[in-house]
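Just the one chain here, the form predicted on its own, laid out as structure tokens.
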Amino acid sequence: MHRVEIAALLPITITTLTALAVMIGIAIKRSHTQAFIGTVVGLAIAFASVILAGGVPRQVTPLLMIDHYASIFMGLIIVSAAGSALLAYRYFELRDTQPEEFYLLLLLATVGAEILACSAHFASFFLGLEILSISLYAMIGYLKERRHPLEAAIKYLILAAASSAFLLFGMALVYADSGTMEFARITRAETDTWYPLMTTLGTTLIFTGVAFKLALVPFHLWTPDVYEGAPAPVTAFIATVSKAAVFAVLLRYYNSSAGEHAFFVILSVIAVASILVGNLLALRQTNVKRILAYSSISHLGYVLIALLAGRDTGNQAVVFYLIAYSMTILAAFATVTALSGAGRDADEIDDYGGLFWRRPLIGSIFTIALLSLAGMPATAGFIGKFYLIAAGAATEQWLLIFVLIVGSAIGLFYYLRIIEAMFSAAQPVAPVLRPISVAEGAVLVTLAVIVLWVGIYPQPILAVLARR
């Protein structure tokens, strides 16, 4: 392997070595602080190495393509994983459990997500997805003494196994017809055979499996239960790292496999259904985690609009929106984590009654996150939706743009319900709030600054996305 290929693989290599170091450290001496510090330091070094992985696209064996977009996605994945780790330290300190292995699972899941971001072959696609998914099973059910996390883990296990079956069968059909598992070579095979029946069926099954992982309608039923039952830092990880990684490989596969013509209508229907169903079902919820779960379904529907637009404009809009959404939803779940006590997570709207008056800083940060999710001006969410609309308009997807606007209007209602509770002077059954840790405070403030900075001055990120 050439030196440039080794440099390209540095983020994945460093994250893997960090997982090994944490595992060995746990075997020698159990220490929550040691495992936490090792994880955060390793992820920081991995993020620094992402710069070396950028630049000219490099094909590292037939399995991985380390290009500009892969580097951006790996950076986003590592930052989100580090944020989840910072949130997890105090969360698990308050609970009667041995938390060291949690960081090992988080690192392994991050490795799987990084592999997905670079995948250019069905083998690496499936390998990365399974490393991510198997780690998530254990992370969701990590608080094994409690019923809700175990229930959520079992539901995710069953449905994730079903989605993997769809993916494997779809990959087998595509391989049987095209004779290759490389995304780029599948394009040439499809061009030669005019997109034959087996490849069409196989690609349909692949998109079905991916839709399960992204919780797109009608494959979304697991999402609210898993978001509600999982520990708050794990929910933050699922909403950011997992979604970004799966969408990264979907973006590469969709752009390289000439599927846009055969599947444009199907994906358009899925986008419309995800936006409307996600927003409408969120209206009926009183649990903040479930509201954010249904909200995530609609947001992934929004991103599909830019995916369907294709071209450079659409691809840049996809990546920009995923960056804005990941930072925003991480800020929202950071608030939930910071307010959660030892007994249960702060996941009911009543838990936030009068929050702004009791904790002005946390209330302000949560308000910023919710307004960004709603797409209000001066936030990252507003700029993200602007570029989604611009990408859709460039390809005249007027129906999808109309649905996006309607969905955003519906979503504003349930975000304002939470904000109204926070600013309410009445404080019904408001719990006693524990002091937040330095790590939680740092994550909250940093994310709030990023959300506002991107919403006011997005040019630096846009400049990075425009590079080749």
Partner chain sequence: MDAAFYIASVVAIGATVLTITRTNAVHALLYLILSLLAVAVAFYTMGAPFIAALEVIIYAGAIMVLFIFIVMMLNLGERAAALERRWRTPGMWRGPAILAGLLLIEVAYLLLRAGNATGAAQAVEPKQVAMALFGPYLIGVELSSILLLAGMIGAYHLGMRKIEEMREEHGTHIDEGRVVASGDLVHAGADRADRAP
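Residue numbers count along the first chain shown, from 1. The shown structure was predicted, so the numbers you read here are calculated from the model rather than taken from an experiment.
Only in words, not in the display: the form predicted in complex with its partner chain, which the text now covers.
At a distance threshold of 4.5 angstroms between non-hydrogen atoms, T16 is in contact with its partner chain in the model of the complex.
In the model of the complex, at least one heavy atom of E101 sits within 4.5 Å of a heavy atom of its partner chain. Proximity of K144 to its partner chain in the model of the complex: non-hydrogen atoms within 4.5 Å are present. Though the partner is left out of this view, V111 does reach within 4.5 Å of its partner chain in the model of the complex, counting heavy atoms only.
Only one segment in the set 272-280, 299-307, 125-133, 207-215 has any non-hydrogen atom within 4.5 angstroms of its partner chain in the model of the complex, and it is 125-133. Proximity to its partner chain in the model of the complex, defined as a heavy atom within 4.5 Å, singles out one entry of I419, A439, L63, V40, which is L63.
The partner is absent here, but in the model of the complex a heavy atom of T97, alone among N315, T97, S268, T395, sits within 4.5 Å of its partner chain. For the stretch 15-37, the set of residues having any non-hydrogen atom within 4.5 angstroms of its partner chain in the model of the complex comprises T16, L20, M23, R30, in sequence order.
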